[in-house]
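Next up: a single chain in structure tokens, the form predicted on its own.
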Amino acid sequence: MTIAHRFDYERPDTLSGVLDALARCGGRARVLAGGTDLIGWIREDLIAPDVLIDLKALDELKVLHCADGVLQIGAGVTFNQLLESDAVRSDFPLVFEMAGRVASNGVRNRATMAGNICSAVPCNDSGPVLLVYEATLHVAGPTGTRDLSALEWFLGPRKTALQPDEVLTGITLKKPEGRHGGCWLKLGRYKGEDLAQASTAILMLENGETRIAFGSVAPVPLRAPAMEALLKGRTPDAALIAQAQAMLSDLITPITDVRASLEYRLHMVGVMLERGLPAAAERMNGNGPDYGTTLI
């Protein structure tokens, strides 16, 4: 499918140049990172920007750095760069596990985590993982910079807290204290480049806390505080998992669409809990399946 819509293209080499371009365009511009979502939307006439502002000349947004338990992911960092990072794999294994299931190798060479959450489609892969790590998102705008929690970011399908004259510059995650283990599960129709029918991120901490987030089963990725309270400090045996599964109908709001029915999504999220909770507990104790192993 060709692009029938005409637009201008700008490639500033400084962040201030990006912000100047956004201010000048008055909401008629879109920022381009990897473009794997954005270009598809333009082709399908879902959006029609007057200007594309390309971030790829900004080396400051390509930084991927981990020190003292803090991971900094620049807005230009691709999913394959996350996959190839030893620090990500060892200290933030859910990021590693998620990145390996994003689309295809070719897409991962261009697609960025920042772009993924700026697209804010309900099935975005990064959202649930950033929620359980309680990530901080860094935004630059005409009046300076501000930080947002991942919980504040998603406002609705394709809607974020980002203003038209702002740009997401990076994401920060802090390594949980003590032992921790997790599991990220993604349900697709087939192996390969497919959007999630449902996804679940689980992170267990040594202090007894269990964090859970879901994707593709609500208008936005969401945490499950009531379920987390049920699981806190308890071993996820069959009886406890059954109690957690019974809560799902009150926590998530899946829909029926071309990829799956409401009923199928609801059932399979229960299966994700049944497989993911024990795997997360085993991993926290140094056992269980290797990160990256497909459990669903």
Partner chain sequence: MKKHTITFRLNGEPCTLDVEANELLLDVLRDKVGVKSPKAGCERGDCGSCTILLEGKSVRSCLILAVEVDGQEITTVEGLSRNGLTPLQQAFLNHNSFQCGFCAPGMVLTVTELLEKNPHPSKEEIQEAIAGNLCRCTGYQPIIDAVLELTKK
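Note that the structure is a prediction, hence the values are computed from the model and not measured. Numbering follows the first chain given and starts at 1.
Unshown form predicted in complex with the partner chain; subsequent notes refer to it.
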query: The partner chain in the predicted complex: contacting segment from 263-271, 243-251, 230-238, 47-55, heavy atom within 4.5 Å; finding: 47-55
query: The partner chain in the predicted complex reached by all of Asp68, Gly144 and Leu148, non-hydrogen atom within 4.5 Å; finding: no
query: 4.5 Å heavy atom contact, Glu84 and the partner chain in the predicted complex; finding: yes
query: 4.5 Å heavy atom contact, Arg179 to the partner chain in the predicted complex; finding: no
query: The partner chain contact in the predicted complex: Thr136, any heavy atom under 4.5 Å; finding: no
query: Distance check, Val31 to the partner chain in the predicted complex, heavy atom within 4.5 Å; finding: no
query: Residues within stretch 99-135 having a non-hydrogen atom within 4.5 Å of the partner chain in the predicted complex; finding: Gly100, Ser104, Asn105, Gly106, Val107, Arg108, Asn109, Arg110
